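One chain is shown next in structure tokens, namely the form predicted alone.
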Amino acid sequence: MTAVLQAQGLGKRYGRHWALSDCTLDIPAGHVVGLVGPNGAGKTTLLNLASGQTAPSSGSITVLGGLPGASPAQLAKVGFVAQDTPTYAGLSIADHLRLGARLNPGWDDALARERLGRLGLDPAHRAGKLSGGQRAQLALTLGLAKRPELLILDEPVASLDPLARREFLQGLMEAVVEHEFSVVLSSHLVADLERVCDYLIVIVDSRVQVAGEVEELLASHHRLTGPRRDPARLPADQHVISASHTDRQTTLIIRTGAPIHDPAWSVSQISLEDLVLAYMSKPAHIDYRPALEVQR
């Protein structure tokens, strides 16, 4: 199956600032990918590159086997919902559907109208009169009716209340199951990603820190708690992601594919939130090999 996104040494620079640097990824198709990192880390830059809205300053990127935005056929493969779930306030919902049909050769009007009917959205209502959750659902409907092979969502639920977020994500997952497309979803809400994503990418300071299937990432990361110890003394195959110390105790989050035999350590599993926070808070002086892909 064609990879949904491949990047090699990908970078984007604005003046002297690198918004994304040395990004190497190989994301298989058929996943709901969670893209997470602090504000300004490079998430939106990566999504803009993947959707063809901007060109790289270095390296290369292909999406579904082609260059992003290179042709109408390539554009038709990718749906994009921007961070503010954009709609046109002065247009009715029906106007949005007509616009979608004119702009997208593969437009599925029946899908759009059936989904809006289930959501109870009247086609005559203007977008400017909708709630935030309703606008987000309209934007998602427009993205789905394009019938893309890849749907890119840039923090679509950031401004929604918990109920609207849950309804949006539930609708997204129902569509994934029904229509079998890939998703890349950017969010800083780890609980939402944990609910829907089976593949994770963490970006910090414009660089990819870790990428892989969630199940395998969680299986290869552990929390070690024991007597205070210098992390540099760990075996070479135990890569330290984060470390904290008290006078007598050391707590580490490590990545390893090997069993942990040292009886001094108490070993426990970590949650997806633990994993994300460990990479986001990793001090610059801790040296380890970034886990760009889980070791299989």
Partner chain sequence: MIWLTWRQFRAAAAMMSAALAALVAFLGLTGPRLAEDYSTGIADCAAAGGGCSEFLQQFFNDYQDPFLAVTAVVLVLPALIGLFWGAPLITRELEAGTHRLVWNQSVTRGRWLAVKLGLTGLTAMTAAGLGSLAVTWWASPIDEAAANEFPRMGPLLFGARGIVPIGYAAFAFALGVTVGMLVRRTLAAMAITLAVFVAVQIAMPLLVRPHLLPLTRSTTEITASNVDGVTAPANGTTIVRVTAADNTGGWLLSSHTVDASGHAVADTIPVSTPSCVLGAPEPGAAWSRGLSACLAEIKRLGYRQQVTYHPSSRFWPFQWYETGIYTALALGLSGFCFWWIRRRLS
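Residue numbers count along the first chain shown, from 1. The structure displayed is predicted, hence computed values, not measured ones.
The same protein also has a form predicted together with the partner chain, omitted here; what follows describes it.
Remark: residue 78 counts among the residues lining the partner chain in the predicted bound form, judged by a heavy atom distance of 4.5 Å or less. At a distance threshold of 4.5 angstroms between non-hydrogen atoms, residue 103 is in contact with the partner chain in the predicted bound form. For residue 52, a non-hydrogen atom is located within 4.5 Å of the partner chain in the predicted bound form, even though that partner is not displayed.
Though the partner is left out of this view, residue 130 does not reach within 4.5 Å of the partner chain in the predicted bound form, counting heavy atoms only. Shown alone, this chain has one stretch from 110 to 118, 67 to 75, 172 to 180, 200 to 208 that lies within 4.5 Å of the partner chain in the predicted bound form by heavy atoms: 67 to 75.
A heavy atom within 4.5 Å of the partner chain in the predicted bound form is found for one listed residue only; from 98, 166, 223, 125, this is 98. Contact residues in stretch 120 to 157 (any heavy atom within 4.5 Å of the partner chain, taken in the predicted bound form) are 142, 146.
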